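Presented below, as structure tokens, is a lone chain in the form predicted on its own.
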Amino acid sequence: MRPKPLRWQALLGQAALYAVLITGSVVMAFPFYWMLATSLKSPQEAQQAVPVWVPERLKPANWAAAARLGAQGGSMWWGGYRAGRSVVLRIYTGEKGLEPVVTIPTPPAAFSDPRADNTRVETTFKDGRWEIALTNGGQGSFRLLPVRVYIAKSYREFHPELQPDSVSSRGDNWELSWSNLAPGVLGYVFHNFREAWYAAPFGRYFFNSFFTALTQVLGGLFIAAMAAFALARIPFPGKEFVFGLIIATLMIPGEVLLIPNYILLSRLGWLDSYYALIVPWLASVFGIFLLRQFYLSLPQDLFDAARIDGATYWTQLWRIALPLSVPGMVTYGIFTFLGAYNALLWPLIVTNSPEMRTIQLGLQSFIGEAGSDYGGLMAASTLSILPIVLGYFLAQKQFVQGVARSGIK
């Protein structure tokens, strides 16, 4: 008889198992953390070689200053720079040395706004600190107040009340840059998210992605359900051969079909339209196979009883098969939605107008010849995956059941 393991051995084994699972979870979650962290970083933090694990925008010490400056400009939550308002930045130096030089960046500099050209600057020294007052002398209000301050290196130390977005050396001075000196608390923390939303028509991109993905899911479910039911429950000559032929098409790489599909859509005049984004992907071999496996798992007695009662195949499909295969349809819907929502190559080929671009193509707005805006790119990427993550958690139970019952690994 095999002796029972000691209690401490069982506890040790369980602890080792949890340690492995936790380590794996951390490794899997790290890319998501890095994306979220980068979406909250300043441009300098996002591009510097030394990793920044906690962005300055997440440090509560900066929130009070962001709220005060935002309230002076327009709102303590989202900031702004209203006409006639003055924003006062404090830089603590402890001693009065050379006066800081303040400039407002002009286009085409990054983080510049031509409406800020009418800003009046006044610098005073009081109680061991420089106070830089910036007054909106224009007639309009706007969102961002970009500012650069050059402060002499002769100062032994200096401390601006709001941590600058970048610090660089310029001869005898340090250049401190803020992309927005009147941010407000939420405008400061979610600066990249707000600017990413304004940088491109993401509302249109989201609509295109959701519309094409949902249409593919609904149309694909309808076609796949009918084909799978015929292959699973309707006897006809050559059924196995037809099913094998359909399955064999899975061996054809999708890239091989790009040119034929493009030529076909071009001759139909469907390029740069929703037809081009949706129609070629309505019929899914994977969906047919998945739902067929579900229909085969249903008891034959259900269909025999329905036939005795006079039910047609159409009635059997809608009244028996579909209600009992909800996990399979949810699984197919999630896979199809993910594939359509995340598609990049096909929308890139068949669309050329900004109105028809999808969310994945919209992310290219942050990659230019002068460089990449990693903060904006990660913020837009975070926005793009939120609907996917939310949908997965809502349909998680059905998704797991569908994968388990169909035998998909």
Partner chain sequence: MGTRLALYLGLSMVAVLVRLLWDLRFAGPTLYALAAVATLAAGLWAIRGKPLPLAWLGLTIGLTGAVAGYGLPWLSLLIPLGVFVGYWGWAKHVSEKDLGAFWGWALVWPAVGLLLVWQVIPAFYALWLSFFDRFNFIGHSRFVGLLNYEILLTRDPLFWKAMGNTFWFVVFTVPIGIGLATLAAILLNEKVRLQGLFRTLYFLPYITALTAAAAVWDWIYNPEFGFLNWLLGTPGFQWLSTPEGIFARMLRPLGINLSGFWAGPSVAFVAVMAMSVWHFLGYQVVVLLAGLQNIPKEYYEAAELDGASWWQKVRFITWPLLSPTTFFLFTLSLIGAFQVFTQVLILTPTGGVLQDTLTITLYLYNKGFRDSNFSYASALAVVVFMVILVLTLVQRRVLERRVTYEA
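Between two forms, the rigid core is defined as the largest C-alpha subset superposing within 1.5 Å. Positions refer to the first chain, counted from 1. Since we're looking at a predicted model, the values are computed, not measured.
Form predicted together with the partner chain: not shown, discussed below.
Asker: Name the stretch, out of 157-165, 199-207, 76-84, 224-232, where some heavy atom lies within 4.5 Å of the partner chain in the model of the complex.
Answerer: After filtering at 4.5 Å, what remains is 224-232.
Asker: Of these, Leu298, Ala152, Val121, Leu258, which has a heavy atom no more than 4.5 Å from the partner chain in the model of the complex?
Answerer: Answer to the contact question: Leu258.
Asker: Though the partner chain is not shown, can you say which of Phe125, Tyr274, Tyr92, Tyr262 has a heavy atom within 4.5 Å of it in the model of the complex?
Answerer: Only one option qualifies, and that one is Tyr262.
Asker: Any chance Ile252, Leu268 and Ile288 all have a heavy atom within 4.5 Å of the partner chain in the model of the complex?
Answerer: Yes: each residue has a heavy atom within 4.5 Å of the partner.
Asker: Contact with the partner chain in the model of the complex for Lys96, defined as at least one heavy atom pair within 4.5 Å: yes or no?
Answerer: Residue-level check for Lys96: no, no contact with the partner chain.
Asker: May I ask you to check whether Phe335 falls inside a 4.5 Å heavy atom distance of the partner chain in the model of the complex?
Answerer: Result yes; Phe335 sits at the interface with the partner chain in the model of the complex.
Asker: With a cut-off of 4.5 Å between heavy atoms, is Leu282 one of the residues that contacts the partner chain in the model of the complex?
Answerer: Because a heavy atom of Leu282 falls inside 4.5 Å of the partner chain in the model of the complex, the answer is yes.
Asker: May I ask you to check whether Gln9 falls inside a 4.5 Å heavy atom distance of the partner chain in the model of the complex?
Answerer: Because no heavy atom of Gln9 falls inside 4.5 Å of the partner chain in the model of the complex, the answer is no.
Asker: Go through 21-40 residue by residue and record those having a heavy atom within 4.5 Å of the partner chain in the model of the complex; state none if no residue qualifies.
Answerer: Leu21, Ile22, Gly24, Ser25, Val27, Met28, Ala29, Phe30, Pro31, Phe32, Trp34, Met35, Thr38, in sequence order.
Asker: Does superposing the core leave Gln139 with a CA shift of 2 Å or more between the shown form and the other one?
Answerer: No, shifts by less than 2 Å.
Asker: Compare the position of the CA of Ala61 between the shown form and the other one after a rigid core fit and state whether the shift reaches 2 Å.
Answerer: Where the cores coincide, Ala61 shows only a C-alpha shift between the shown form and the other one that is less than 2 Å.
Asker: 2 Å or more on the CA of Gln72 between the shown form and the other one, with the rigid core superposed, yes or no?
Answerer: It does not reach a 2 Å shift.
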